[in-house]
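Below sits a lone chain in structure tokens, taken as the form predicted on its own.
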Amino acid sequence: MTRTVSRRKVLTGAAGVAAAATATVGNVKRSTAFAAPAVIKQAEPISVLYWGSYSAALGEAEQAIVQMFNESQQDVRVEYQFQGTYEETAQKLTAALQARQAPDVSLLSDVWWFRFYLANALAPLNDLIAANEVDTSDYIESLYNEGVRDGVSYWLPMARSTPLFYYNVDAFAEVGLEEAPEFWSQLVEVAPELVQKDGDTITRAAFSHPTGASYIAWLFQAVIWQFEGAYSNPDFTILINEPDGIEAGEFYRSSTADGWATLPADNEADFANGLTASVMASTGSLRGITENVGDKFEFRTAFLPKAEEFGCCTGGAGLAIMAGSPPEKQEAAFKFIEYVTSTEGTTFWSQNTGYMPVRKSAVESEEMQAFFEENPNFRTAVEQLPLTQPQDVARVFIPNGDQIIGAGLERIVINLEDPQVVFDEVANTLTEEAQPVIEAIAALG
């Protein structure tokens, strides 16, 4: 059986860039072989302010790629500023726009970019894409198209993800499972055997949920689809409290009520420490989980299990330029975005984080194929991607939709409340919160 990849292999890739010079930024081994496209020569570099959202291992990779861009040319200088989580970055950006002190370019998550689009805060990118001769057909369509409105691009994919099923191979082998379960029912069947206890205390759960703050609503979206339900229709009709959604909610409630699933403060840390045998988590967590598991046990990633059918969503973050930024800074900021999302840039980012390459040319490259061959856990999200679908508007377009749904799910899995009662309340709140969005979309024509 293939063992968990080492930290060194994750950071450098299987093949690497053979002719590339390398340097170390933090703990990230980085390539300096590819250069940014040339820009008009300036007496002094154009300074661009970039707001990022990653910390720990992901933060190291984010800072590394900024430094790589700065060292690759002399015409644009990107100043990196860490702003906190996706939510904290969006909140600070809202305040900065009001104070006219916004950055030139910002990382924005899947549930935040649209709010700034509705506020006319994001620069349209079509002219910049054309001027720089960027081949948008090389972006993976499902990832690129999520940032397009009425034929105009506002948000280019960078750190894009899908949920994956992570499982402890050794623990699963103990109960006769040599592969990941294809159906949730298979996990439920062996769950009592996976659970370990010290008295009444669970020392190893069969499965662990994330909290609302860790995007339980993102992951449950895939599950509700698996039960043939949905959060909403594209027209903002809320469906979470329909029978199929209630069935999915009852499945989540039973997982903790029956004692085989837990909801710890950090389910990924629990998995890495052997306190749970499986989790659903982002492919963007792969590097961190790989490092934290180390040599404690073997783990693998797999497609999400099915219920009635398969369901999986995309997620993650992209890059947007602020509409209020001066034209010359917008042009310079796009050079940075072009670099980060290029074939070479997304290859570096994917190998150092676990996020999916956003370019077809990167996925198909000999370098990535060799990396996948040596690190099969990183290939799973790419192979699962064609089976994904865009997220329901209730989560990504309704303000605080993720938090509203997540709070309801916590009531179900922690307090064991009736899913029908909870989802009826959630549906009412989502319907109310959707009205300003519906009106704003109508106003945009």
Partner chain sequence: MLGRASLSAAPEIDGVRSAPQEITRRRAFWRAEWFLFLLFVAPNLLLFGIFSYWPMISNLYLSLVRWDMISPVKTFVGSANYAYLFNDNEFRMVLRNSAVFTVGAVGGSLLLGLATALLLNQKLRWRNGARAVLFAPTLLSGAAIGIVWVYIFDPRFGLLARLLGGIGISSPSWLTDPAWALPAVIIVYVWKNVGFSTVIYLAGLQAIPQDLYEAARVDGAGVLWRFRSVTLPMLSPITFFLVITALLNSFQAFDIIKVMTEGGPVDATNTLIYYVYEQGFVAYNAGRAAAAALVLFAIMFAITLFQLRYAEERVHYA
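Residue numbers count along the first chain shown, from 1. Since the model is a prediction, treat every value here as computed from it, not as a measurement.
Omitted from view is the form predicted together with the partner chain, to which the following refers.
Highlighted residues 116, 411 and 436: every one comes within 4.5 Å of the partner chain in the predicted bound form, counting any heavy atom.
Although the partner is absent here, residue 125 sits far enough away that none of its heavy atoms falls within 4.5 Å of the partner chain in the predicted bound form. In the predicted bound form, none of the heavy atoms of residue 186 sits within 4.5 Å of a heavy atom of the partner chain. In the predicted bound form, no heavy atom of residue 132 sits within 4.5 Å of the partner chain. Remark: residue 200 counts among the residues lining the partner chain in the predicted bound form, judged by a heavy atom distance of 4.5 Å or less. Proximity to the partner chain in the predicted bound form, defined as a heavy atom within 4.5 Å, holds among 142, 361, 91, 74 only for 91.
Exactly one listed residue, out of 403, 420, 389, 63, brings a non-hydrogen atom to within 4.5 Å of the partner chain in the predicted bound form: 403. Heavy atoms within 4.5 Å of the partner chain in the predicted bound form are found in exactly one of 159 to 167, 229 to 237, 260 to 268, 315 to 323, that being 260 to 268.
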